[in-house]
Structures are given as structure tokens and as C-alpha cells.
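Take a look at this one chain, the form predicted on its own, written out in C-alpha cells.
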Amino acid sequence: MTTTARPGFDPELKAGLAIVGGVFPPTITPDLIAFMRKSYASPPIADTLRRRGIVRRDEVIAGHHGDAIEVSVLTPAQANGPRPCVLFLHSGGLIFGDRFSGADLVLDWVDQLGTVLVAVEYRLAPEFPDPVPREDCYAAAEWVAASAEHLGVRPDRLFVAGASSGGGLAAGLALAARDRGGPHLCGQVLDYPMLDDRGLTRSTHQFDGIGVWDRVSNETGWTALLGDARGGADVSPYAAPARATDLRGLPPAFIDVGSAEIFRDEAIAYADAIWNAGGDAELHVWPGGFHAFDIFAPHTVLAQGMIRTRNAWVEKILVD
């Protein structure tokens, strides 16, 4: 019997994996989507904001094809004058999660760095396959740019951020904004992004049935979004940014990923492709990190280092 060689988990993170598995099983098949929509639902946002100096208001805007979608606008309580703005795209494999999933970490940018944050309730697959989720996000970016004065944001300091599937959507949005002459983005934060529907990388096959979000889970998410087109020749790079052949002219990118997860190799390849195109990318590979360990184990030493590094990059981008 042979075993798959793979990086081990950071000891502190490994201790928490058993707890994570109770709400987020390593292997997610289509029959578990309904369960995941309950178990991965974000806590009440009012509780999350209770000890923060943040004002929230909800708006209904036009998403793809003009259909109504919700966004939340989160503003520093003491804000005065135009502020930088981040468009936040949540995680959840394109099939679950809501606009506040994983938002705890990016809320620090609001009450500590003074940004406005717009969280997008993009529609989910499989009920809404490609291009609906990504075009909902793009519509939200256009709305922010067109509503800059109303929202109190600086149109020259709009950036996009997302984790996992949200990271893939953020990368696709940056590509689309470049190609369509859309909103000017000053940066893109791609946390362990879901970039490639083809599942060809070594890291994809190193993590089957282990950690958080394995190969089968990834196939479940991509198939929900793309159907029979998954892995074929006709997938848009705006849906799967790893397929983009031209990465010139993109905003600076921050990319981070754990060494012990399936998205490791595609994240590294995407940063490398940006560099080869003459672009600006800052890449961090966190040793022994499983997928989304900053969300599931934010108290750990590794996660604290990741969060500090990411926040420092965002602060730098905002003042450049």
C-alpha cells in the first residue's frame, strides 16, 4: 500500500482540525450542499458588529441582468470625508456561505484602517450557474464606482478582496474590469483563491479526504457552477482565472495560501503568471496551513502571522 506524500499540518492547526470537521467536513458532495448552507451560515451580523465602531446599512442593487441582489455597506462610525473602499466577496465554494461569511477578519479594515466595506450577496450555484455569481459581483463593483459620492468612498481607492471562492471571484472581477474598461481597482486580495476548474495540480491530488475542502469538494463546487463545461475548453477566464493567458495590466495582488491545501499550486502559479506578465504580486505560502485556517483557527500563531501580513499589505495599498 502506498501513501500520498504531502506536507504535514502545522501542529497547532492540526489539533483544531477535528473540531472544524464537525461543521465543515473535508469532502463535500452535492447531497451535502443543504447541510453546508446551514452549518457555514455566518453568525448574526449584529452580534459581530456589537463591539466594533462600525455603522451598517443594507441596500438592494441591480445584479446580473438587473435582478435584485443585496449588499451591506459597512462604514467607520467616525467617518468623515471620502474613504477607501473594499468590495468583499465571501467564501463557500460558490455553493454556500453568505455575504458575512469570514467577514470578521476584513472588518478590521473598517474600524482600524478606516475603509468602507461593501459585502455582496452574490447568488449561488447550482441554482444560479455561471455567469450569474461573477456578474453579480461585477455589477456590485460598477454600483460602488457609480455611487462613490453617495457612499462616501474614493473612486481611486477601490479594491476587491475575497477568500477561497471569493478570491477566485475577485481575481475574475479584476480581469473583467481591465478588459471591459470597468471600475479602476487599486488592488486585489486573493486569499487561498479558487482559480482553476481543471483540478490538474499536484496539490489538488495530495489532499483527498483530509483537511478542509478536498479534491471532491472542489469538483462539487466547480460542477455546480459550470455543469458539463467543467474542465473543458470553453470555460471563461472570468470564471476560472487560472485559464487567463494575459495577466498584464492588473492591479497589484496579494495572494496567500497554506502549503497543506489543494489551492497551493494554483495560487503559486497565478502569482508567477502575474510576475511573468510584468505585474505586481506579493505571495505568501504558510507552512502547514490548511485551507482557510485563518477563518477556522484565527487564534493560532500561524493565522495571526497571516492576518498581520495581509493587513499590512492592505494598509500599504491604501496609502500609496
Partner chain sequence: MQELLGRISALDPRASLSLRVIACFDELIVGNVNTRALLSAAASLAGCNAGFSQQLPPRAMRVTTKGAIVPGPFSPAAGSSVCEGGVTAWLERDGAQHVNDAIILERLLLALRLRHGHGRRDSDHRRELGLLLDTEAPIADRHTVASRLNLSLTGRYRVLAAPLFAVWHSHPTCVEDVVATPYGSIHALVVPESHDPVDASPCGIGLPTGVDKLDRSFRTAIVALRLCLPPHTPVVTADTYGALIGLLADLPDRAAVPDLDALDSVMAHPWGPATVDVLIQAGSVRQAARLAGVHHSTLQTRVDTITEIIGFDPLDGLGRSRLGTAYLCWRLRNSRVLDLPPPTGGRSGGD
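Residue numbers count along the first chain shown, from 1. Just so it is clear, the model here is predicted, and its values are computed rather than measured.
Another form, the form predicted in complex with the partner chain, is not on view; read the next lines as being about it.
**Student:** Is it true that Pro252, Ser259 and Trp275, all three, sit within 4.5 Å of the partner chain in the model of the complex, judged by heavy atoms?
**Tutor:** Zero of three within 4.5 Å in the model of the complex.
**Student:** If you check Gly66, Gly53, Pro287, Pro43 against the partner chain in the model of the complex, which one has a heavy atom within 4.5 Å?
**Tutor:** For this set of options, the contacting one is Pro43.
**Student:** Which of 34 to 42, 279 to 287, 266 to 274, 66 to 74 has heavy atoms within 4.5 Å of the partner chain in the model of the complex?
**Tutor:** Of the stretches listed, the one contacting the partner is 34 to 42.
**Student:** If you check in the model of the complex, is Asp104 within 4.5 Å of the partner chain, heavy atoms only?
**Tutor:** Residue-level check for Asp104: yes, a contact with the partner chain.
**Student:** May I ask you to check whether Val20 falls inside a 4.5 Å heavy atom distance of the partner chain in the model of the complex?
**Tutor:** Output for Val20 is yes: heavy atoms within 4.5 Å of the partner chain.
**Student:** In the model of the complex, does Gly305 have a heavy atom within 4.5 Å of the partner chain?
**Tutor:** So Gly305 does not count as contacting the partner chain.
**Student:** Even though the partner chain is not shown here, does Ala312 get within 4.5 Å of it in the model of the complex, heavy atoms only?
**Tutor:** No, Ala312 stays farther than 4.5 Å from the partner chain in the model of the complex.
**Student:** Looking at the partner chain in the model of the complex, which residues in 78 to 95 have at least one heavy atom within 4.5 Å of it?
**Tutor:** If the 4.5 Å heavy-atom criterion is applied to the partner chain in the model of the complex, 78 to 95 yields nothing.
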